[in-house]
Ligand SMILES: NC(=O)c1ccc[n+]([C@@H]2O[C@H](COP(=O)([O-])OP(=O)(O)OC[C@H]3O[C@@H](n4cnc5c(N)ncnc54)[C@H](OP(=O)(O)O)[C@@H]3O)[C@@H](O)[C@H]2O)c1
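Take a look at this single chain in structure tokens; it is the form predicted alone.
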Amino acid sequence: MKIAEMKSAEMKSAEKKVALITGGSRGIGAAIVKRFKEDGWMIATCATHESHLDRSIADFKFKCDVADVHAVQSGINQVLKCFGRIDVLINNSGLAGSNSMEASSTDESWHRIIDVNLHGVYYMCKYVSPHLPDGSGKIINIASVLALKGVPDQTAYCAAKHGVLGFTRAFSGYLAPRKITVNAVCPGWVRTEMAQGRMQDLGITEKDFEVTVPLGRFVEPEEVADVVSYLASSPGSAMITGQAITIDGGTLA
């Protein structure tokens, strides 16, 4: 972002609330960015690959691997320099995939999935939370239904998302004296590029999956964005904290 654009963003953010949404270039993250823009927020977002940011409609975009604490700290400082504030943090960056538990396999995928999905949430929460406003600040972590169940070939992803939920519950208590809420949104299968790739890996089709869902279809990214918007903006969400809110069409019911 150029200096003139940053000054313009600073003027606008003096009147609008600011949301930092990680992984906002595609899938669920892109839908959340779009919904918050429609709601009148100023948006900062990041992605691991700078090329992915070209498609984002966020007001401020920066490259950041959330598993890198130094990149996280630098990115947060950039957002604060641009807008002067952060009102809501939405941890959406994630990495799915299978990991082998065979003794002969390497541990690389395990560590990378844990680093992105769990350590990334920890770093962002730790270094953004001091800047959130008391009484109105919000943190929303995008977890998964796999924070509540296990899948045999995704031990790392399940461990990470279970960790995100545990962290959410604990951190909500830590920030409660400041009246800042912390919640986890736990989607089932959402119609995204990531889900399509996962189905190809498993050799299944969308129809194969839909018969296992009581409501009979995938979750749309916009439906997840609606729930996140409610938690961030609605007066009715003021007393919701430390919760896991599932959006899965009744799969876990």
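The model shown is predicted, which means the values in this text are computed figures rather than measured ones. One-based numbering along the sequence shown.
If you look for the form predicted in complex with the ligand, you will not find it shown, but the lines that follow are about it.
Check, residue by residue, if 15, 44 and 61 all come within 4.5 Å of the ligand in the predicted complex, counting heavy atoms only.
No, none of 15, 44 and 61 comes within 4.5 Å of the ligand in the predicted complex.
Looking at heavy atoms inside 4.5 Å, which stretch does the ligand contact in the predicted complex, given the options 148-156, 109-117, 131-139, 171-179?
That would be stretch 109-117.
Looking at 70, 49, 55, 217, which has any heavy atom no more than 4.5 Å from the ligand in the predicted complex?
Contact residue from the list: 49.
Non-hydrogen atom contact residue 93 with the ligand in the predicted complex at 4.5 angstroms
Yes, contact at 4.5 Å.
Does the ligand get within 4.5 angstroms of any non-hydrogen atom of residue 189 in the predicted complex?
Result yes; residue 189 sits at the interface with the ligand in the predicted complex.
The ligand contact at residue 193 in the predicted complex, heavy atom, 4.5 Å:
Contact with the ligand, yes.
When the contact criterion is heavy atoms within 4.5 Å, does residue 65 count as touching the ligand in the predicted complex?
Looking in the predicted complex, residue contacts with the ligand include residue 65, since a heavy atom lies within 4.5 Å.
For the stretch 139-154, I need every residue with any heavy atom inside 4.5 Å of the ligand in the predicted complex, listed N to C.
Heavy-atom contacts to the ligand in the predicted complex: 142, 143, 144.
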